[in-house]
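First comes one chain, alone, set out as C-alpha cells in the form predicted on its own.
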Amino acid sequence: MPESKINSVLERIEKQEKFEQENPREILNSEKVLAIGRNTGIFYNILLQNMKAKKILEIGMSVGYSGIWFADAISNQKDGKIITIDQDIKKIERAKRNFEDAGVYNLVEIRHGDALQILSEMADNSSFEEFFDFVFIDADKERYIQYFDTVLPMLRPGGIIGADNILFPERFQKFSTPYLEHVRKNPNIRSVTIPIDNGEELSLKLS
C-alpha cells in the first residue's frame, strides 16, 4: 500500500477539519468532516494490525478518514475487506474520492442508507454470522445500543467493537452513559474506556 498516498489524503482531511474547528461558522454542520482524531486513527491502526484483522464493519463513514486508517491496517491481509455505511450521499461521494486518492478503494464496500436497516438485513443473512473481526460505531449516538446489539452476533469471538465519542463532546454523555452500562452488564463482553481524543470504548467478545 503506497504510504505516501495514504498520508497525503489523511493530512488533507486533517487540515480541513482543523480549518472547520477554527472557523466554526464558515462551514455548515452537515458538510463538516466530523472525523476521529489522528491519535485515535493511529491507535486503531496499531490495534487492527496486531489483531491481524481482515473483516471490518464501520457504522458512520463520513468522508472516509477512519476508513483509510482501517484500510491501511488490513492492506496486507488476504481477502481484507471493509463494509462501511452512511446515509449522506454528499459524504459518500467525498469518501469515494478520498479512498481512490489514498489507493484503498478496492478494500472498501460502501453501503448507502439507514444504518440500522442495513445492519438488520445483514444480521438476517447467515453468511455474516461471526463474520467481522472489528466493528466501529461512530454514527447517531442515540442508537449506539441498538447498533451494538445488532452487530454483536456478526462479530467473531475475540473480535472487538469500538465506539467513538464516549467522553466528548460532553453533550453526548446522555447517550454514552447508558451505552456503557449496557455493554458492561453483558457477561460475554469485556469492555474498557480508552481516554484518547473523544474517548473510545473497546468491547471484546469473549465467546
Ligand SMILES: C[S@@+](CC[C@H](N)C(=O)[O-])C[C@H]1O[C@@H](n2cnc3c(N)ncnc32)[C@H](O)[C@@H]1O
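Everything quoted here is computed from the prediction, not taken from an experiment. When you see a residue number, it is the position in the sequence shown, counting from 1.
The form predicted in complex with the named molecule exists for this protein as well; it is not shown, and the discussion that follows is about that form.
Chemist: Heavy atom within 4.5 Å of the named molecule in the predicted bound form: which of 114, 100, 93, 121?
Modeler: The residue in contact is 114.
Chemist: Against the named molecule in the predicted bound form, would residue 60 count as a contact residue? Criterion: heavy atoms within 4.5 Å.
Modeler: Result yes; residue 60 sits at the interface with the named molecule in the predicted bound form.
Chemist: In the predicted bound form, does residue 34 come within 4.5 Å of the named molecule, counting heavy atoms only?
Modeler: The answer is yes: residue 34 has a heavy atom within 4.5 Å of the named molecule.
Chemist: With the partner left out of view, is residue 88 within 4.5 angstroms of the named molecule in the predicted bound form by any non-hydrogen atom?
Modeler: Looking in the predicted bound form, residue contacts with the named molecule include residue 88, since a heavy atom lies within 4.5 Å.
Chemist: With the cut-off set at 4.5 Å between non-hydrogen atoms, does residue 55 touch the named molecule in the predicted bound form?
Modeler: Contact check for residue 55: no, nothing within 4.5 Å of the named molecule in the predicted bound form.
Chemist: I need the one stretch from 152-160, 136-144, 46-54, 178-186 whose residues put non-hydrogen atoms within 4.5 angstroms of the named molecule in the predicted bound form.
Modeler: The contacting stretch here is 136-144.
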